[in-house]
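Okay, so we've got the same protein chain twice, two forms, each given alone as structure tokens, structure 1 and structure 2.
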Structure 1
Amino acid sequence: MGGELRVGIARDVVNMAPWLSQGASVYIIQQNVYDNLINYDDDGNLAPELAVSWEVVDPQTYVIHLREGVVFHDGDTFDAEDAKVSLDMMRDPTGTSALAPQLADVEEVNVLDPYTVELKLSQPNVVVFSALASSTAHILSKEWLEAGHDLNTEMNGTGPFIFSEFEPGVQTVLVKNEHYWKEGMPYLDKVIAVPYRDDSARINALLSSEVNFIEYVPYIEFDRLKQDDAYSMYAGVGPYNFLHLNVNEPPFDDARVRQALNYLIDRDLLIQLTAGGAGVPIEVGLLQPDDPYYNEDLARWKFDPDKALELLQEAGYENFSDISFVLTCSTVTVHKDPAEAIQATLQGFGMNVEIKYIDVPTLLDYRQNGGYVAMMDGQSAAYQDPDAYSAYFETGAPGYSTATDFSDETLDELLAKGRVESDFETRKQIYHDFEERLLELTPWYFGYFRPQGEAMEAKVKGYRRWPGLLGAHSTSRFEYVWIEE
């Protein structure tokens, strides 16, 4: 028991707003302060958190049984009223909740007793429980919310650590929750998150013991840290790098141009240049080849300049040099490096590509509100189900569609069918059809799955990394971490 964990994060925390997807650096803060109703076990399976169990009473009635004896950081007791108000906020289509599309079928949330809530659905929805395990499904206090606190600057959860201090650009401090519902946890007295936007500065902070844990380990440091007994290294391939394309702005208002870009940018070369060869090229969509829903017969994105030129000429562009656009990119290394490599690649074919650099707050704003022609980004699936596509491509989804007015009736219909269907083979065919249509529309340049890892001094024990696409969310579990002195 005891000690401080000093964490080097890749960027500053923009704000504390719950229910809004803000990236891995913010998970370290939000998910160690807030709890979900449902989370994942070490194998990536759904597991109880503030809910102890859940059941499907009938196809349109789901009941969630809640944990008793849990208190919020301000001393208020957690009960069904808190779960209801939080669920209502998550499903509110007029707010900023990242989960509103996934929970759109939930028509009512009813309190059955102090520790039971009922979800009444307009139709069956097999992804509700997975959505409630996502990185933004936080539970807040009803009384605290009604008191009018500023959710951007204040936090009050039931998690292992209490939000204590925030100095923009300097540090965010969390302190031990002495009344945490997991008996004997957390072990640490304090977590101090310090932003280091420069990769070299962040790795040097670890090597000099300025911090004893870092996220976003530069890939070139993976092997060195793995081979050095003074450090422990955890990594996986999960997040994806891609380009948002604005389907309403030339040249990307023509699907053939968007498709051409997917043939013209060499994914294998990008992976070599920006990830040391450790990534996985995206040849279909956002499902990795080991995903049970992956459709190998749809794989098509290969480096093929001749095919790219053919598509551009069909769209009315005689040569690559007829294409010009501005590529917007944040200054975060995992965005900046591939953006600059893409710029060099396309300019090598004669395209005129100018990079516009922005800070992370602007990136987050652009994700929701637009303002770009093409924008480099990197994200990871919010939960392990192909319905996670809906966060980007369903009409009104805050991850992409809202920002660009992207909407397609066929995609919407298929996503709706996928949520209702429980038979695996039928469901797999639905997402096959969805991806086939998505590839026809090609709203993005689908890049590659990149390696992402965390490193720590060897004395830092107990860290647990989830498998696959969930790996980037693993820093939400610092209650298990302890320091060997």
Structure 2
Amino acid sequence: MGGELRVGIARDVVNMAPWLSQGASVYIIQQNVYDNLINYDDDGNLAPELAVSWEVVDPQTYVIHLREGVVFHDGDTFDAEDAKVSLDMMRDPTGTSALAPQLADVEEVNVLDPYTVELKLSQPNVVVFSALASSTAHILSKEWLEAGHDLNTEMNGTGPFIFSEFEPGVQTVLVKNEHYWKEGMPYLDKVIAVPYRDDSARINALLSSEVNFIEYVPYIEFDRLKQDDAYSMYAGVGPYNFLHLNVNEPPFDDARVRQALNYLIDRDLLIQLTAGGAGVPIEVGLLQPDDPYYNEDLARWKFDPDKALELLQEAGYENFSDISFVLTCSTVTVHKDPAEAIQATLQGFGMNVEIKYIDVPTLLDYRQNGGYVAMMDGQSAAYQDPDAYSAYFETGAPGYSTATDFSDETLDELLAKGRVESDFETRKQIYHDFEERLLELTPWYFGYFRPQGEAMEAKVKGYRRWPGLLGAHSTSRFEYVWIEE
């Protein structure tokens, strides 16, 4: 077992800095170099990584016991000081860490002994453990950080592979960590990640054996690759596609109009047209049907033009043709295709929908600062917990609320309650109440969970894909992969 895995990634890794949320292409590199304290097992449950166990001593004191005998790639031994420094950087609100908002309640991190750290919280927050399992919760070495290395271009972790070389636009090379703490792993000698921004260039690279593994398989290739014995294909649904609606601008300043849109755009049709038929329609909110917090009783979004018209008439419009708006969307395929399909659908009912195309940096700007009436977007939850809703719908949340001045006291209260509640059944009820209120307000058009898949030559063995929305992070576990010669 062993070999060299050549991976076609969808975008170049421009920045190696830890704790940033840069998407799957970058997780392939970073998550195979860095370890977390906590990660997920094959079923998607929290599992130990550099931590061996953790306990809630009291609602505001969490203790994490650390693994012994782990060494960083530079030879330094991993201990509680490293965990403390990393956690402190991760929760710094003015730093670049993507997890800073989720770790805001952590007031201090104390070293109890060389292999135990204690987290003191300003208020109970059960989301902390899920946050520590996210793909950006990297653990670095204290000595290495203090030595002043350039975090943008260097990496030193405890993971299965050692960062060896980065050539912009050409390749990033990882080599086997012979001293990895998981006995006998990793199997591969080398991982070479080659960036292919263009979808057809990436698929062509696999078909011509330039690479033996690609991420982000274009939907139109799903069936072909599944049927071809020369390739193995793994896919699941994870990210969700939706429309941000501006609740302060007509016509979407009326919840009934927003709801009407949710009944009028046929999700199954969108999935057929833009996701190769492989998506899952959203019937409630952002939790998938297999999520333990999912509430089937709230399921309501179905294609129902009569109901849509009824709602519009209640809102004072006579007909579909009285509605016109500008739909903003980026030129990224997974945004552009559904936006154009939505435009066609709505125009079929007589609505007047004009599309305004923007590039990705503009999309990022609009997400935060507004500037749209309706905007197509695709996202995935940063961590596996219903609290992920807070990134969009809590007052001041950077993913949606700030842009449209969306704010609702009930939603805020329920989110705050959910974070401190540790009893599963009580917590479940809190999020059911949250979703009920959310659907009353319907700030978005909730579209569908879109498929995401990886394809590889059949000789690539051992790849493990996580279920549900975690699936998109599966490329971070190349320690299980080998090439059969």
Partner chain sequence: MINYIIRRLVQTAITTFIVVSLIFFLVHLLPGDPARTILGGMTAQPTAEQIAAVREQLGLDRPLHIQYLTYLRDLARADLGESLVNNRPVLDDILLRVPRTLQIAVPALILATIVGIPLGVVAARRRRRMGDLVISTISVAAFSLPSFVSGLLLVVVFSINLQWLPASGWVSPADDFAGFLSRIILPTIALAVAPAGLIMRMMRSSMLEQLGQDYATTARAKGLTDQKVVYGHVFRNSMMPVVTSLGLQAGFLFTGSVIVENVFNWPGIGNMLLDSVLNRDYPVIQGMVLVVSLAFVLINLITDLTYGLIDPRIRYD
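Residue numbering: sequential along structure 1, first residue numbered 1. Between two forms, the rigid core is defined as the largest C-alpha subset superposing within 1.5 Å. Keep in mind that what you see is a predicted model, and the values were worked out from it rather than measured.
Only structure 2 comes from the form predicted in complex with the partner chain. Note on conformational change between structure 1 and structure 2: the chain splits into two rigid parts whose relative rotation, smaller against larger from C-alpha fits, is 22 degrees. Core superposition places the Cα of residue 430 4.5 Å apart between structure 1 and structure 2. For residue 390, the Cα deviation between structure 1 and structure 2 after core superposition amounts to 3.5 Å.
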